[in-house]
Ligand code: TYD
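First, one chain by itself: the form predicted alone, in structure tokens.
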Amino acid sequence: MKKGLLIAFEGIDGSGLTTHSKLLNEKLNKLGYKSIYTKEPTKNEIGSLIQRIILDKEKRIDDNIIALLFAADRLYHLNYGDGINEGILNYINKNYIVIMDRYKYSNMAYQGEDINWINQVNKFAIEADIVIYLDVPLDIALKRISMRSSISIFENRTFLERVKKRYIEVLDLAKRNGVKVISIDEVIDNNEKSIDEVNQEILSKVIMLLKNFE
């Protein structure tokens, strides 16, 4: 790679973002690319505060406050790190592929009553080079979520229906800003694809796009 890249995984809760972003990172490293995985919210001070807020169903915080916290966490993440790794920009400057388990596009879709405002709040956050959107039916996503030990304030049908619709506008905005968007359908002919099938599809499409950045 002649330059570092940012690849962001996006989708509603239950779409397999963590599973597939980690698998892509592992496979790219095996293929000889310098790749690193990281996620948002982070494990730094701001990210830890966000985690406490979104897991507390008793104390409901205004969406605008949550949006600003995510934007602050992201800016810290870009420049100083996630509490484990260096800042994203440092890795990009070292020609790494940085694989993000959620990025600013989640911020716009989840707190997006006013997507343009949230986009402006994130104006210091660079665009991703590639966004991988994992598209999964709501019923399947909710079934996966139900098996988790802890469920956030976002993980309910009514909310996720709105988020899914917002992603259409968010991804369109990303495309207009020059981001390459890969949309992966996790269900075909009413049959759920296996993790391996989805991952192989992601890998092949990413490898094709990476050739354009070499």
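Quick note: we count residues from 1 along the sequence shown, nothing fancier. Nothing here was measured: the structure is a model prediction, and the numbers come from that model.
Although not depicted, the form predicted in complex with the ligand is the subject of the following passage.
Practice task
Specify the contacting stretch among 23-31, 185-193, 172-180, 36-44, defined as having any heavy atom within 4.5 Å of the ligand in the predicted complex.
Solution key: Looking at the partner contacts, the answer comes out as 36-44.
Practice task
Using a 4.5 Å heavy atom cut-off, state whether residue 156 contacts the ligand in the predicted complex.
Solution key: Contact check for residue 156: no, nothing within 4.5 Å of the ligand in the predicted complex.
Handout entry: Close approach of residue 57 to the ligand in the predicted complex, 4.5 Å, heavy atom
Key = Judged by the heavy-atom cut-off of 4.5 Å, residue 57 is well away from the ligand in the predicted complex.
Practice task
Please check if residue 52 has a heavy atom lying within 4.5 Å of any heavy atom of the ligand in the predicted complex.
Solution key: It does not: once the ligand is placed as it appears in the predicted complex, residue 52 has no heavy atom within 4.5 Å of it.
Exercise for the section: Check whether residue 110 has any heavy atom within 4.5 Å of a heavy atom of the ligand in the predicted complex, and answer yes or no. Expected result: Close contact exists here: in the predicted complex, residue 110 approaches the ligand to within 4.5 Å, heavy atoms only.
Exercise for the section: Enumerate the residues of 64-97 that have a non-hydrogen atom within 4.5 Å of the ligand in the predicted complex, in sequence order, or give none. Expected result: Read in sequence order, the residues that approach the ligand (within 4.5 Å, in the predicted complex) are 70, 74.
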